[in-house]
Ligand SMILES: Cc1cc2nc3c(=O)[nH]c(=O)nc-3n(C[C@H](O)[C@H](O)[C@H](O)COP(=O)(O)OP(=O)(O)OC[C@H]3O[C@@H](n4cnc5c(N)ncnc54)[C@H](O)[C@@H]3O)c2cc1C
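Form predicted alone, single chain, as structure tokens, below.
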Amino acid sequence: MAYNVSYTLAEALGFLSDTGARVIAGGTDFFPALGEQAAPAEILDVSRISELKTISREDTGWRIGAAVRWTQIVQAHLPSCFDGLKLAAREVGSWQIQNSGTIAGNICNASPAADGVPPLLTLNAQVELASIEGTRIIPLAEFITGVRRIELRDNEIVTAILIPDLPQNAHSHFIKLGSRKHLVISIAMVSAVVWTDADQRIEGARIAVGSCSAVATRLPNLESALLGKNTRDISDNSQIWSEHLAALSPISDVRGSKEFRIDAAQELCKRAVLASFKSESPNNG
């Protein structure tokens, strides 16, 4: 095995084009997943490329470099719509994993239980991909195509996650259900972003559920059903939560049955939306 560390993006793209190396950024999932298998002949570590390690404000949104670590996201000063992503960042394994694991690694691993994916979906995240031929941008919802499957060409590197601006009064929340409090793969998880009008009625909502399908899934029908509702409307109406989960396709496994996952997702959707109403951005910094 040849382990190569790049310090510039141009250097990394050239090396990748020449060798077809396996790209890692953190490696917290990659190395454990090898088990008894031999490592690839060439490994390219992009975690030290400075231009991939920053969070920056752009004209129409935010740019999170591919090698940004979860601890950086927790500590960053970001709008309240990122609170759900910050809560998810605190759930990604142990502190050691949060200090090493990267946001691009989380989405490229393409696990149905990847904590970062539901909040990124509710932020309408896009994925920036680069190769020696140029750059392209695709929605995160199109980037992850299945379990451990992503829309990434052999000569490409994920360079950033792009988040378009949301209304200033957009708030978010993330809830993860597992068999214990910490260091656990989720049974179900939900992220929600909500913004309201002057009468505190929902003007916009985005809801995504993880661990209940092969890929974390937005619930557009539920989002539409919530428009115009206030907290009392959605607290007292149990039907609104149960009628719009058809997009989910959970499996039964050692962590829970598919029926339990549906019930859990329904309750978590309600809790995440209600929590988004009263969010006061407690996680900035």
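Note that the structure is a prediction, hence the values are computed from the model and not measured. A residue's number is simply how far along the shown sequence it sits, counting from 1.
Not on display, but discussed next: the form predicted in complex with this ligand.
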query: Residue contact check: His173 to this ligand in the predicted bound form, 4.5 Å heavy atom; finding: no
query: Contact of Gly27 with this ligand in the predicted bound form (heavy atom, 4.5 Å); finding: yes
query: Partner contact for Val23 in the predicted bound form: this ligand, 4.5 angstroms, heavy atom; finding: yes
query: 4.5 Å heavy atom contact, Ile157 and this ligand in the predicted bound form; finding: yes
query: Stretch in contact in the predicted bound form with this ligand, which is absent here, among 113 to 121, 202 to 210, 163 to 171, 71 to 79 (heavy atoms within 4.5 Å); finding: 113 to 121
query: Every residue of Asp197, Leu268 and Ala275 near this ligand in the predicted bound form, heavy atom within 4.5 Å; finding: no
query: One residue of Val147, Ile137, Ile97, Ile132 in contact with this ligand, assessed in the predicted bound form (non-hydrogen atom, 4.5 angstroms); finding: Ile97
query: Residues of stretch 49 to 66 in contact with this ligand in the predicted bound form (4.5 Å, non-hydrogen atom); finding: Ala66
